[in-house]
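One chain comes next, on its own, written as structure tokens: the form predicted on its own.
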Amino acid sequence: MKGLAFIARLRRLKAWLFARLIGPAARAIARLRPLWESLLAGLIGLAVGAIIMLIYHFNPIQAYFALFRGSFGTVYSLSEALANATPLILTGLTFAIGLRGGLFNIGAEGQVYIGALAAIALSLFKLPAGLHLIVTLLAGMLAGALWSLPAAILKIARGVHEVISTIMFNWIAHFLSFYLIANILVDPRRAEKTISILPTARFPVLMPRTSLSYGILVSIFFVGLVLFLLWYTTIGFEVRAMGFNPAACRYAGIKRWRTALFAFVMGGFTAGLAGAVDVMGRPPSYAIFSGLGGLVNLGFNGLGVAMIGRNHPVGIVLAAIFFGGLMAGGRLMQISPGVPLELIRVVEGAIIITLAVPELIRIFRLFRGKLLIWRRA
């Protein structure tokens, strides 16, 4: 009997330890897993980049010192990194919203172009300063959302895969932009660019003599809005549930068309806003150049930002700042150690790919699981 009582006490002690110590510690470690995975992936990426530079006889220590000094070492470099991050935060949100809903939406690139063009078009009208800025932002958002609707309708009505439809609409937006820049919105005094955003619709510069404007506050506001919508509303719960298990959602009565429409339109809002914020807050031109200039790849870079940020709004902010820092610091790598631009792009690509690998593995597992569920159903 004494032995049984002793065993019972041990079991109660074990249960108490698990409830008070082991369980919370295990949950804390699980929450920190994305952090240490990203740190490990980043170190691997830096090592790969160092090996590449050594192969071509460049000093990786000097190169990385120049890279990070040009990214975050001074107030100017930090401001430029934040300026580069401003539109990337929004395009990263576009991809993350879609992926949370089980959609591989890569249409942000075309929606950025359309949003920027809509903002430029609003400069044809003269409005009071505050009102003009708000109307221009709304025009960019609405244009991006409208450009996302055809892909949403094709997905909902005919089951057309979103990767195919969004790639097609990206190219349509690409060449439509060329036409509008060269023929409709062209600056009559400078044929290589559009008319400039009127001063009444420009974001004030946040840090003097830099590209950082108050547009970054708009991006941060939308991060909070998306976080609230996805995690604290009914439609957000339905979107996330659809991304995890569409078969269970179908039996639970969640409408697939509603979650898909929300994900596409909300993603269109953020991507169109990214284009508008970029042209409204980028001195000195406040215009779009004939080759689409700084707008090119904002949508596709947003995919990398979302992957590095684990498709979470807060993580996307940190990833976009890191991504923007790489873009700013690459210039100093050219000047100080003399690393060629092409090699800088290879090194940055190696770092970005390794950082994105943990989230890519999670996505592949998720989509594989959904495919198995669909086959069994």
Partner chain sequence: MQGKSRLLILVVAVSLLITGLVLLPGAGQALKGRVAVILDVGGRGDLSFNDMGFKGTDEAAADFGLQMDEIQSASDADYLPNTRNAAISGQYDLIIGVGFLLTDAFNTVAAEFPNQKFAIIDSVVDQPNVMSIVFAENEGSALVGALSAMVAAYYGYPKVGVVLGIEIPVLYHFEAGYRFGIDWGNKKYQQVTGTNPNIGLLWTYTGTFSDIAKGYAASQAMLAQGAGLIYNVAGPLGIGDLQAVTEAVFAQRREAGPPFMIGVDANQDYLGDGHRVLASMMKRVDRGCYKAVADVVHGTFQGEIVSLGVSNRGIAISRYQDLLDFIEFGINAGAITAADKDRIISNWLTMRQGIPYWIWDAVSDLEMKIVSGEIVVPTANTVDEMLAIRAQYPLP
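Residue numbers count along the first chain shown, from 1. Only a predicted model underlies this, so the values are computations on that prediction, with no experimental measurement involved.
From this point on, the text means the form predicted in complex with its partner chain, which you will not see here.
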**Request:** Determine whether any heavy atom of I164 comes within 4.5 Å of a heavy atom of its partner chain in the predicted bound form, and answer yes or no.
**Result:** no
**Prompt:** Is there a non-hydrogen atom of G293 within 4.5 angstroms of a non-hydrogen atom of its partner chain in the predicted bound form?
**Reply:** yes
**Prompt:** Though only this chain appears here, would L124 touch its partner chain in the predicted bound form if you measure heavy atom gaps against 4.5 Å?
**Reply:** no
**Message:** in the predicted bound form, does R190 come within 4.5 Å of its partner chain, counting heavy atoms only?
**Reply:** yes
**Request:** Just one of 105-113, 154-162, 300-308, 76-84 has residues with a heavy atom within 4.5 Å of its partner chain in the predicted bound form, so point it out.
**Result:** 76-84
**Prompt:** Is it true that I44, F65 and S213 each have at least one non-hydrogen atom within 4.5 Å of its partner chain in the predicted bound form?
**Reply:** no
**Fill in**
As a check of understanding, the residue in A350, M53, I321, L332 with any heavy atom within 4.5 Å of its partner chain in the predicted bound form should be identified as L332
